[in-house]
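Before any questions on binding or motion, here is one chain by itself as structure tokens, the form predicted on its own.
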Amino acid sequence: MNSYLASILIFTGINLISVLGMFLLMGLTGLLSFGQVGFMAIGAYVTAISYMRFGLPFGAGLLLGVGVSLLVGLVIGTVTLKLRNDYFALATYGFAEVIKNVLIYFSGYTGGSMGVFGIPAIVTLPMVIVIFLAALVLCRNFKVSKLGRNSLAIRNDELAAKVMGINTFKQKLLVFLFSAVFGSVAGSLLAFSTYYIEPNMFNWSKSVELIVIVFFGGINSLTGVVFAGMALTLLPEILHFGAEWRMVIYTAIIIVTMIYRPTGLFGRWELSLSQILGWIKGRRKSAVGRGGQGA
């Protein structure tokens, strides 16, 4: 496979892993968060520094990044999840900015605004595909489980969910930690696929990108989020749009979607394995029928 195409597909897969975390948080639970990019930064820097400076294997560094993200997520979630949704969004934005400034301040370890260079490209396309598929299965199982139904109840009416006996704070904290893990893993993979990382790779526009993907695909459709993530990640690469046009495109997408499709392109629709198998069987039967007619 062409190395350029492989790198684009790797980046797309990494982006989708982070998007799945945002889907759990925003799509299922209704929590608008700008902090996902902060967990991506934690995963990327912890894994890169542990590998470059302390000689830990990539896998161990990835797990260490997940552990640090869980610890930070537990602290941040405990403090912010009791806030109203709009204040929670502002708090997570502040968290992401704090992480970015911490990375710049501790330049002795992080390289400051210059970042960390010389990271080996360990991440491969098969590795990203396997991790993405595992994350996708986890998200799907979470959505159809009791925990997923609890999250949907909170998104639809948190007060009613409390009356039904759901511990809304514990449920939101659990989802927040799940989202942090997905973001951390995506950040670790990103660091070892781009040769270097620097703080501006994890600014607020990245969080906006993830939110737009979930909103555009459908806040309650895992299928829609995956298709939207692929489309909106690949489109700028295919058409070679400059970075300055990306936010213009995302803004236009939000406006058009809010006017004509408030629930996102896919709404609540999901593509199931039985539908795929039925489509394949239908194609085979039609091919056999055409072959019989030709004979």
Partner chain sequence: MLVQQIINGLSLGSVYALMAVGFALVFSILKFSNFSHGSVIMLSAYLGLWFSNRFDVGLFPTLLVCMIGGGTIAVIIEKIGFKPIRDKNGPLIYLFVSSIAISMFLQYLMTALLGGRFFMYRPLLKSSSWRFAGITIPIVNLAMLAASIVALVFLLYVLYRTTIGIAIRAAATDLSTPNLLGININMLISITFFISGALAGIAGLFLGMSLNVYPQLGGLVLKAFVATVVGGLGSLGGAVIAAFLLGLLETMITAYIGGAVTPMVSFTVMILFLLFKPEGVAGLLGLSSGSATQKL
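Values in this document were obtained by computation on a predicted structure and should not be read as measured data. Numbering follows the first chain given and starts at 1. Only the largest set of C-alpha atoms that superpose within 1.5 Å between the two forms is called the rigid core.
This protein has a second form, the form predicted together with the partner chain, left out of what is shown; the following refers to that one.
Asker: In the model of the complex, is there a heavy atom of the partner chain that lies within 4.5 Å of any heavy atom of Y260, even though the partner is absent here?
Answerer: Yes, contact at 4.5 Å.
Asker: Verify the contact flag for Y109: yes if a non-hydrogen atom of it lies within 4.5 Å of a non-hydrogen atom of the partner chain in the model of the complex, no if not.
Answerer: Outside the cut-off, so no.
Asker: Can any non-hydrogen atom of V72 be found within 4.5 angstroms of the partner chain in the model of the complex?
Answerer: Answer no; every heavy atom of V72 is more than 4.5 Å from the partner chain in the model of the complex.
Asker: Find out whether any non-hydrogen atom of I254 is located within 4.5 angstroms of the partner chain in the model of the complex, and reply yes or no.
Answerer: I254: contacts the partner chain in the model of the complex.
Asker: Establish, in the model of the complex, whether L63, G67 and G229 all lie within 4.5 Å of the partner chain, using non-hydrogen atoms for the distance.
Answerer: No: none of L63, G67 and G229 comes within 4.5 Å of the partner chain in the model of the complex.
Asker: Quick one: name the residues from 134-172 with any non-hydrogen atom within 4.5 angstroms of the partner chain in the model of the complex.
Answerer: If the 4.5 Å heavy-atom criterion is applied to the partner chain in the model of the complex, 134-172 yields L159, K162.
Asker: Given a superposition on the rigid core, I'd like a yes or no on whether S50 shifts its C-alpha by 2 Å or more between this form and the one not shown.
Answerer: After core superposition, the displacement of the S50 C-alpha between this form and the one not shown stays below 2 Å, so no.
Asker: A60: with the rigid core matched between this form and the one not shown, does its Cα shift 2 Å or more?
Answerer: For A60, whose C-alpha is compared between this form and the one not shown after core superposition, the shift is less than 2 Å.
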